[in-house]
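There is one chain below, alone, in C-alpha coordinates, taken in the form predicted alone.
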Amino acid sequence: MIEIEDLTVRYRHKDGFFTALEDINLTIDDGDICAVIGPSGCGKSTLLYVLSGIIKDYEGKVLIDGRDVDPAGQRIGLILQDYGLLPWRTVYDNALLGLKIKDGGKGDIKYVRYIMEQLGLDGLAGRYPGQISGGQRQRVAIARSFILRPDILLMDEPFSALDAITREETQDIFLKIWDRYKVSTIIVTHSIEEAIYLGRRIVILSPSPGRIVKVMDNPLFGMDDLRLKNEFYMMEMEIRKIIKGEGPK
(Lines give C-alpha, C1' and ligand atoms only; values in the text may rest on other atoms or scores of the structure.)
Protein backbone atom coordinates (compact mmCIF):
# COMPACT_ATOMS: atom_id res chain seq x y z
CA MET A 1 0.00 0.00 0.00
CA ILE A 2 1.14 3.54 -0.82
CA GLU A 3 0.05 6.23 1.63
CA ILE A 4 0.61 9.92 0.94
CA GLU A 5 -0.47 12.47 3.55
CA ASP A 6 -0.24 16.25 3.22
CA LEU A 7 2.65 16.03 0.76
CA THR A 8 4.13 19.38 -0.25
CA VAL A 9 7.29 19.73 -2.32
CA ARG A 10 9.13 22.99 -2.83
CA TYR A 11 12.17 23.68 -5.00
CA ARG A 12 14.69 26.33 -4.08
CA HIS A 13 15.64 28.86 -6.75
CA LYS A 14 17.35 32.23 -6.85
CA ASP A 15 14.21 34.15 -5.85
CA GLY A 16 13.20 31.84 -3.02
CA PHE A 17 11.05 28.71 -3.32
CA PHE A 18 8.81 27.28 -6.01
CA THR A 19 5.99 24.98 -4.87
CA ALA A 20 5.63 21.97 -7.18
CA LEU A 21 3.08 19.94 -5.17
CA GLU A 22 0.82 21.09 -2.36
CA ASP A 23 -1.21 19.12 0.19
CA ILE A 24 -1.37 15.84 -1.74
CA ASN A 25 -3.37 13.12 0.01
CA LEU A 26 -3.67 9.78 -1.74
CA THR A 27 -3.85 6.08 -0.86
CA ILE A 28 -3.14 3.35 -3.39
CA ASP A 29 -4.06 -0.18 -2.37
CA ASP A 30 -1.86 -3.20 -2.99
CA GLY A 31 -2.20 -4.41 -6.56
CA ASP A 32 -3.94 -1.28 -7.82
CA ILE A 33 -2.93 0.69 -10.90
CA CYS A 34 -3.33 4.46 -10.82
CA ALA A 35 -2.85 6.99 -13.63
CA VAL A 36 -1.87 10.55 -12.72
CA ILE A 37 -2.68 13.26 -15.24
CA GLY A 38 -2.61 17.04 -15.33
CA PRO A 39 -1.23 20.01 -17.26
CA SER A 40 2.49 20.43 -17.90
CA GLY A 41 4.40 21.61 -14.84
CA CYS A 42 1.80 20.41 -12.32
CA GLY A 43 4.27 18.19 -10.45
CA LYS A 44 3.42 14.75 -11.87
CA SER A 45 7.05 13.70 -12.21
CA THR A 46 7.89 15.26 -8.85
CA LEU A 47 5.38 12.88 -7.24
CA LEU A 48 7.19 9.89 -8.75
CA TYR A 49 10.59 11.21 -7.68
CA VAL A 50 9.36 11.42 -4.08
CA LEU A 51 8.01 7.86 -4.22
CA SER A 52 11.23 6.55 -5.78
CA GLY A 53 13.40 8.22 -3.13
CA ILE A 54 15.10 10.59 -5.58
CA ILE A 55 13.52 13.59 -3.82
CA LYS A 56 13.89 13.37 -0.04
CA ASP A 57 13.26 16.97 0.97
CA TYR A 58 9.50 17.41 1.36
CA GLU A 59 6.77 18.12 3.87
CA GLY A 60 4.20 15.51 4.88
CA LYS A 61 4.32 11.74 5.06
CA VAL A 62 4.95 9.17 2.32
CA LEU A 63 4.83 5.47 3.22
CA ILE A 64 5.24 2.25 1.26
CA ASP A 65 3.77 -0.71 3.12
CA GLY A 66 3.83 1.35 6.31
CA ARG A 67 7.50 2.35 6.01
CA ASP A 68 9.23 5.52 4.91
CA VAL A 69 10.51 5.44 1.33
CA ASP A 70 13.83 3.60 1.32
CA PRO A 71 15.23 2.68 -2.12
CA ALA A 72 17.97 0.61 -0.50
CA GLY A 73 15.58 -1.51 1.55
CA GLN A 74 12.55 -1.59 -0.77
CA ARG A 75 12.12 -2.85 -4.31
CA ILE A 76 11.02 0.17 -6.31
CA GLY A 77 10.74 -0.14 -10.09
CA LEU A 78 11.10 3.14 -12.01
CA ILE A 79 10.55 3.37 -15.76
CA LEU A 80 11.57 6.70 -17.26
CA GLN A 81 10.58 8.31 -20.54
CA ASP A 82 14.08 7.80 -21.97
CA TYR A 83 14.07 4.10 -20.97
CA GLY A 84 17.25 4.42 -18.84
CA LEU A 85 19.13 1.65 -20.69
CA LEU A 86 22.91 1.36 -20.66
CA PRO A 87 24.09 1.43 -24.30
CA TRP A 88 27.15 -0.72 -23.59
CA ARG A 89 25.10 -3.57 -22.12
CA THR A 90 23.06 -6.13 -24.04
CA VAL A 91 19.29 -6.36 -23.90
CA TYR A 92 19.59 -9.30 -21.50
CA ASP A 93 22.06 -7.52 -19.22
CA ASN A 94 19.91 -4.37 -19.18
CA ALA A 95 16.86 -6.44 -18.30
CA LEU A 96 18.70 -8.00 -15.35
CA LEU A 97 20.32 -4.76 -14.16
CA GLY A 98 17.88 -4.05 -11.33
CA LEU A 99 18.09 -7.63 -10.13
CA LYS A 100 21.91 -7.51 -10.16
CA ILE A 101 21.92 -4.30 -8.12
CA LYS A 102 19.48 -5.72 -5.54
CA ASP A 103 20.37 -9.39 -5.41
CA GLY A 104 23.67 -9.73 -7.21
CA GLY A 105 21.92 -11.14 -10.27
CA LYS A 106 20.43 -14.10 -8.41
CA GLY A 107 16.90 -14.84 -9.48
CA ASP A 108 14.45 -17.32 -10.96
CA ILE A 109 15.77 -17.95 -14.49
CA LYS A 110 12.43 -19.45 -15.58
CA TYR A 111 10.68 -16.28 -14.48
CA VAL A 112 13.25 -14.12 -16.30
CA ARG A 113 12.73 -16.12 -19.48
CA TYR A 114 8.96 -15.90 -19.12
CA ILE A 115 9.04 -12.10 -18.85
CA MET A 116 11.44 -11.82 -21.79
CA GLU A 117 9.23 -14.09 -23.91
CA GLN A 118 6.03 -12.26 -23.02
CA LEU A 119 7.62 -8.97 -24.07
CA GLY A 120 8.99 -10.43 -27.30
CA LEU A 121 12.61 -9.97 -26.24
CA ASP A 122 13.83 -13.57 -26.15
CA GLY A 123 15.26 -13.27 -29.68
CA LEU A 124 16.95 -9.94 -28.95
CA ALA A 125 18.85 -10.86 -25.79
CA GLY A 126 22.31 -10.45 -27.33
CA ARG A 127 21.66 -7.15 -29.06
CA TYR A 128 22.47 -3.68 -27.73
CA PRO A 129 19.99 -0.81 -27.22
CA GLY A 130 21.28 0.97 -30.34
CA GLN A 131 20.43 -2.09 -32.43
CA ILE A 132 16.73 -2.28 -31.52
CA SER A 133 13.69 -0.03 -32.04
CA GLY A 134 12.22 2.46 -29.58
CA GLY A 135 9.32 0.14 -28.82
CA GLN A 136 11.71 -2.70 -28.12
CA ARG A 137 13.82 -0.51 -25.84
CA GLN A 138 10.66 0.38 -23.91
CA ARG A 139 9.92 -3.31 -23.53
CA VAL A 140 13.41 -3.88 -22.11
CA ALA A 141 12.71 -1.18 -19.50
CA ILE A 142 9.42 -2.89 -18.61
CA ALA A 143 11.15 -6.29 -18.41
CA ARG A 144 13.80 -4.89 -16.07
CA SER A 145 11.15 -3.61 -13.69
CA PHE A 146 9.07 -6.80 -13.61
CA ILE A 147 12.15 -9.03 -13.27
CA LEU A 148 13.02 -7.04 -10.14
CA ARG A 149 9.66 -8.14 -8.66
CA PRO A 150 9.09 -4.64 -7.28
CA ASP A 151 6.98 -3.67 -4.30
CA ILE A 152 5.76 -0.72 -6.37
CA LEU A 153 6.18 0.27 -10.01
CA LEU A 154 6.51 3.92 -11.05
CA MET A 155 6.22 4.92 -14.72
CA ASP A 156 6.98 8.42 -16.00
CA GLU A 157 5.44 9.06 -19.44
CA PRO A 158 6.52 5.53 -20.38
CA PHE A 159 5.01 5.32 -23.86
CA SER A 160 5.08 8.94 -25.03
CA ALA A 161 8.05 8.54 -27.39
CA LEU A 162 6.43 5.70 -29.35
CA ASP A 163 4.32 5.94 -32.48
CA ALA A 164 0.58 5.32 -32.03
CA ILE A 165 0.51 1.69 -33.16
CA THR A 166 3.62 0.68 -31.20
CA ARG A 167 2.32 2.55 -28.16
CA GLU A 168 -0.98 0.65 -28.15
CA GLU A 169 0.77 -2.71 -28.65
CA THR A 170 3.20 -2.01 -25.81
CA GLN A 171 0.39 -0.85 -23.51
CA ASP A 172 -1.47 -4.10 -24.16
CA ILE A 173 1.61 -6.21 -23.42
CA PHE A 174 2.27 -4.24 -20.23
CA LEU A 175 -1.31 -4.72 -19.01
CA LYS A 176 -1.14 -8.45 -19.72
CA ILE A 177 1.90 -8.85 -17.47
CA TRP A 178 0.58 -6.43 -14.85
CA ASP A 179 -2.71 -8.33 -14.67
CA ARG A 180 -0.83 -11.53 -13.84
CA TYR A 181 1.38 -10.08 -11.09
CA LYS A 182 -0.72 -7.12 -9.86
CA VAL A 183 2.20 -4.84 -8.95
CA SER A 184 1.05 -1.61 -7.25
CA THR A 185 1.61 0.88 -10.06
CA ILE A 186 1.52 4.64 -10.62
CA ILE A 187 1.66 5.86 -14.21
CA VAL A 188 2.27 9.53 -14.95
CA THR A 189 0.96 10.59 -18.34
CA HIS A 190 -0.06 13.69 -20.27
CA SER A 191 -2.45 11.61 -22.41
CA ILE A 192 -6.08 11.42 -21.26
CA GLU A 193 -6.64 8.42 -23.51
CA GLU A 194 -3.70 6.60 -21.92
CA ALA A 195 -4.91 7.44 -18.42
CA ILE A 196 -8.31 5.90 -19.15
CA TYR A 197 -6.83 2.83 -20.81
CA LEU A 198 -4.20 2.07 -18.16
CA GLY A 199 -5.63 3.46 -14.92
CA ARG A 200 -8.09 1.63 -12.71
CA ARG A 201 -8.08 4.91 -10.79
CA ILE A 202 -7.33 8.30 -12.32
CA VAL A 203 -5.87 11.19 -10.32
CA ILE A 204 -6.28 14.64 -11.86
CA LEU A 205 -3.89 17.38 -10.75
CA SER A 206 -4.40 21.13 -10.98
CA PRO A 207 -1.99 23.56 -12.67
CA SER A 208 1.08 24.46 -10.60
CA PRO A 209 1.27 24.08 -7.71
CA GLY A 210 -0.15 20.62 -8.23
CA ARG A 211 -3.12 19.78 -6.05
CA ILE A 212 -5.51 16.87 -6.44
CA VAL A 213 -8.62 18.12 -8.22
CA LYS A 214 -10.36 14.76 -8.42
CA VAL A 215 -9.76 11.04 -7.97
CA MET A 216 -11.92 8.96 -10.31
CA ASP A 217 -12.64 5.24 -10.24
CA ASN A 218 -12.53 4.01 -13.82
CA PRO A 219 -15.47 1.68 -14.58
CA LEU A 220 -14.10 1.07 -18.08
CA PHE A 221 -10.77 -0.39 -16.97
CA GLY A 222 -10.09 -3.83 -18.43
CA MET A 223 -12.97 -3.82 -20.92
CA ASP A 224 -12.40 -5.47 -24.29
CA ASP A 225 -12.07 -3.07 -27.25
CA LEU A 226 -12.14 -0.20 -24.77
CA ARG A 227 -10.88 2.41 -27.24
CA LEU A 228 -13.84 1.75 -29.55
CA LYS A 229 -16.57 2.30 -26.94
CA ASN A 230 -18.63 5.48 -26.76
CA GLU A 231 -18.13 5.50 -22.98
CA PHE A 232 -14.40 5.86 -23.58
CA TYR A 233 -14.85 9.12 -25.47
CA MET A 234 -17.42 10.41 -22.98
CA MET A 235 -14.99 9.84 -20.11
CA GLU A 236 -12.19 11.45 -22.10
CA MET A 237 -14.33 14.58 -22.58
CA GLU A 238 -15.24 14.65 -18.89
CA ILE A 239 -11.59 14.53 -17.82
CA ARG A 240 -10.62 17.15 -20.38
CA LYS A 241 -13.24 19.53 -18.98
CA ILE A 242 -12.03 18.93 -15.41
CA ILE A 243 -8.43 19.68 -16.40
CA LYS A 244 -9.57 22.88 -18.09
CA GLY A 245 -11.58 23.83 -15.01
CA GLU A 246 -14.88 23.56 -16.86
CA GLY A 247 -16.33 20.35 -15.49
CA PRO A 248 -17.63 19.08 -12.14
CA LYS A 249 -15.01 18.35 -9.49
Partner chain sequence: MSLKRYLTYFYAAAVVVAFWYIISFIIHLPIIPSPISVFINLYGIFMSKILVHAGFSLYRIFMGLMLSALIGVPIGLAMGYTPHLDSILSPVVYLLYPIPKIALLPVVMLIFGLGESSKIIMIMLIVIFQIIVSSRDAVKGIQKETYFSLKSLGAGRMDIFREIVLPASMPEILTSIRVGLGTAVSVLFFTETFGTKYGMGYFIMDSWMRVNYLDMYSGIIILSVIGLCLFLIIDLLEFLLCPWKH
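These figures come from a predicted structure and were not determined experimentally. Residue numbers count along the first chain shown, from 1.
Only in words, not in the display: the form predicted in complex with its partner chain, which the text now covers.
The shortest heavy atom separation between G123 and its partner chain in the predicted bound form exceeds 4.5 Å. Put simply, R113 is far from its partner chain in the predicted bound form: not one heavy atom of it is within 4.5 Å. When its partner chain is considered in the predicted bound form, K102 lines it closely, a heavy atom lying within 4.5 Å. Taking the partner from elsewhere, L220 is found to have every heavy atom lying beyond 4.5 Å of its partner chain in the predicted bound form. Of the listed positions (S208, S52, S191, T27), a single one reaches within 4.5 angstroms of its partner chain by any non-hydrogen atom in the predicted bound form, namely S52.
Shown without its partner, this chain lists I147, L119, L153, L97 as candidates; in the predicted bound form, only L97 has a non-hydrogen atom within 4.5 angstroms of its partner chain. The candidate spot formed by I186, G199 and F232 lies out of contact with its partner chain in the predicted bound form, as no residue has a heavy atom within 4.5 Å of it. Partner contacts here mean any heavy atom within 4.5 Å of its partner chain in the predicted bound form, and among 52 to 60, 33 to 41, 200 to 208, 178 to 186 they occur only in 52 to 60. Using a 4.5 Å cut-off on any heavy atom, the residues of 42 to 80 that reach its partner chain in the predicted bound form are, in sequence order, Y49, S52, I54, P71, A72, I76, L78, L80.
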